[in-house]
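So this first bit is one chain, no partners, the form predicted alone, shown in structure tokens.
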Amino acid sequence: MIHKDKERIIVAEFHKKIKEAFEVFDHESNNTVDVREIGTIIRSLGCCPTEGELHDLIAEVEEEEPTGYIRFEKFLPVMTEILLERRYRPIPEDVLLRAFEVLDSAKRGFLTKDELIKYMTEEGEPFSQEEMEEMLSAAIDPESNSIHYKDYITMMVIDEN
């Protein structure tokens, strides 16, 4: 019985968090948000789905005939399940650090802005211009014109507690 009570409390807490996140973007106060805000809402709840996963998730909560808006009552059960299952967890800090260290073959503890731009546009799945500018504005130290990746990772990683 205690297990069921604990689960009910957890679900109630998730519902409250989801409602609060949803309401930030419910500008008309009519329990709907623009479909383009769903990714931001999901990420604000500590989830990091890929673009493909986000697309699938939107398809799951959209109306039969898409209106461009998502209703809270369709979003709530899907998002609750995602949080309960701990899906779309962020990449752990040590994995991010190893990825940066692979790019930093000289083991300097930083990458220059030019190196970062090269990796972001020429390797793997290329970043869009907008994504690149957003990352550079957050990651690059203007004085050294480089990214000290340990500091950047610390800033990026979501606190699990």
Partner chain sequence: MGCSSSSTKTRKSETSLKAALIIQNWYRGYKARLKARQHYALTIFQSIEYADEQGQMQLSTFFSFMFENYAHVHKEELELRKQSLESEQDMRDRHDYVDLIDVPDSYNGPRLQFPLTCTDIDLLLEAFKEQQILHAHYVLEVLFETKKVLKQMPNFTHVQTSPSKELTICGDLHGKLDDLFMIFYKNGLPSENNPYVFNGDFVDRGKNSIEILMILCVSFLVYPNDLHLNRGNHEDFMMNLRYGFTKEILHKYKLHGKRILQILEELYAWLPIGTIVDNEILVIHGGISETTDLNLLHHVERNKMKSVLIPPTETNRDYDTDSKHNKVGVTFNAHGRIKTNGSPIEHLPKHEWEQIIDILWSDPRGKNGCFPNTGRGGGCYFGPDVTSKILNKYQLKMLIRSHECKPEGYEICHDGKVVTIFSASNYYEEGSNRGAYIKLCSGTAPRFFQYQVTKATCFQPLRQRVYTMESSAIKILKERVISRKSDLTRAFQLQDHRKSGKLSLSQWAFCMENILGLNLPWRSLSSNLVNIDKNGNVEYMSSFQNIHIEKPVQEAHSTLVETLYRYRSDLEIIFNAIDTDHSGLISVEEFRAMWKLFSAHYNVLIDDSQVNKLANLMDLNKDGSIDFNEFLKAFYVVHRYEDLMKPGVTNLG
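We call the rigid core the largest set of C-alpha positions that still match within 1.5 Å between the two forms. Numbering follows the first chain given and starts at 1. Predicted model only: the values in this text are computed from it and were never measured.
FYI, the form predicted together with its partner chain isn't displayed, but the following is about it.
*Asks:* Can we say 103, 124 and 156 each have a non-hydrogen atom within 4.5 Å of its partner chain in the predicted complex?
*Replies:* Checked in the predicted complex: all three residues contact its partner chain.
*Asks:* Even though the partner isn't displayed, in the predicted complex is residue 35 close enough to its partner chain, meaning a heavy atom within 4.5 Å?
*Replies:* Result no; residue 35 lies far from its partner chain in the predicted complex.
*Asks:* In the predicted complex, does residue 67 have a heavy atom within 4.5 Å of its partner chain?
*Replies:* Residue 67 lies outside the contact set for its partner chain.
*Asks:* Applying a 4.5 Å heavy atom distance criterion, does residue 112 contact its partner chain in the predicted complex?
*Replies:* The answer is no: residue 112 has no heavy atom within 4.5 Å of its partner chain.
*Asks:* Would residue 57 sit within 4.5 Å of its partner chain in the predicted complex, counting heavy atoms only?
*Replies:* No.
*Asks:* Using the arrangement in the predicted complex, list in sequence order the residues of 133-151 with any heavy atom within 4.5 angstroms of its partner chain.
*Replies:* If the 4.5 Å heavy-atom criterion is applied to its partner chain in the predicted complex, 133-151 yields 134, 135, 137, 138.
*Asks:* Please determine whether the C-alpha atom of residue 125 is displaced by 2 Å or more between the shown form and the other one following superposition on the rigid core.
*Replies:* The answer is yes; the displacement is at least 2 Å.
*Asks:* Comparing between the shown form and the other one on the rigid core: C-alpha of residue 23 shifted by 2 Å or more?
*Replies:* No, the C-alpha moves less than 2 Å.
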